[in-house]
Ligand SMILES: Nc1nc2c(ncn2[C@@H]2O[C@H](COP(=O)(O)OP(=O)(O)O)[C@@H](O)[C@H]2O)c(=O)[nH]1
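Below you will find one chain, with nothing else, as structure tokens; this is the form predicted alone, and questions on how it binds or moves follow later.
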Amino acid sequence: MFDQLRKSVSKAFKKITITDFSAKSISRFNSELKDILIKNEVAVKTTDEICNKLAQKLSTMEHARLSNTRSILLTSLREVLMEILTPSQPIDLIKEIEEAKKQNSPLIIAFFGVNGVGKTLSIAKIGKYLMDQGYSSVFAAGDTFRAGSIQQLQKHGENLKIRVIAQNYGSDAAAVAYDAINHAISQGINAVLIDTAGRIETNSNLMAELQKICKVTEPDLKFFVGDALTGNSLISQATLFNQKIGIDASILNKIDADVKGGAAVSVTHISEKPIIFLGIGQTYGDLELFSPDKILNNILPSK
């Protein structure tokens, strides 16, 4: 994971020859770091933020000759990246369900993202995750647009023994989701996981349908699902979905195959929302809670 980015950063640190943290020395290092980050698909806005924060941090260091510049740089960069990757409002899914239970209500989660990013499988994985934690869920087949989508979710539900609420293709997706919520309320089910059609970001009619789903169901959480391998396209997708419907967190899939790592570094900063889960494979158990430390350990060389 992030092999290319880690090798590039390690190479840059091995070449460090500066012995002080003067403005000139910091600028020289930041220039090289900026090239590395952008080549590994870190968003330009995020790259600028990282370099600016690093410069501010290093400028407070003594400008005397230092023998441990590499260690100081590495520690400082780790602190900056940790700040970038750590959201101001983290989400604990289990706590959210417990809060909903206190209100005698299911936790309603809607999932959004373009076709092919693994959205439906992510719903199944979270259904399995909740089941393993002792919570029940129901799936809402709200993707009534793509051929085969309903059957795909139904197959996951059959494998996991989780009920799927569905209607016919072309049905009102918001109505399907509403039926699933009523089913959960009547059966005392803990969570409603709403699938939606993979949206072409520029299609205003399809985006309007997503907004209708949100208006009708009033989801407690809105998760954006993205493919880490799409790099800068992922950032533009997350930005647009956040603008149009507002997202609460992201799920990044195929993170285990991402050699660059730019998406993971950028999406939290750009959306100002946390990454909650990482998809690391194709089985129902291939889901990890997001850990900034794990991401950083895969990016930065050891001291």
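Counting begins at 1, following the sequence as shown. As the structure is a computational prediction, the values presented were derived from the model and not from experiment.
Keep in mind that the form predicted together with the named molecule is missing from the display, and what follows is about it.
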property	result
Partner contact for Gln154 in the model of the complex: the named molecule, 4.5 angstroms, heavy atom	no
Partner contact for Thr120 in the model of the complex: the named molecule, 4.5 angstroms, heavy atom	yes
Distance check, Val114 to the named molecule in the model of the complex, heavy atom within 4.5 Å	yes
is_contact(Gly279, the named molecule) in the model of the complex, heavy atom dist at most 4.5 Å	yes
Stretch from 121 to 129, 205 to 213, 78 to 86, 172 to 180 whose residues place a heavy atom within 4.5 Å of the named molecule in the model of the complex	121 to 129
Glu96, Lys101 and Thr268 all contacting the named molecule in the model of the complex, non-hydrogen atom within 4.5 Å	no
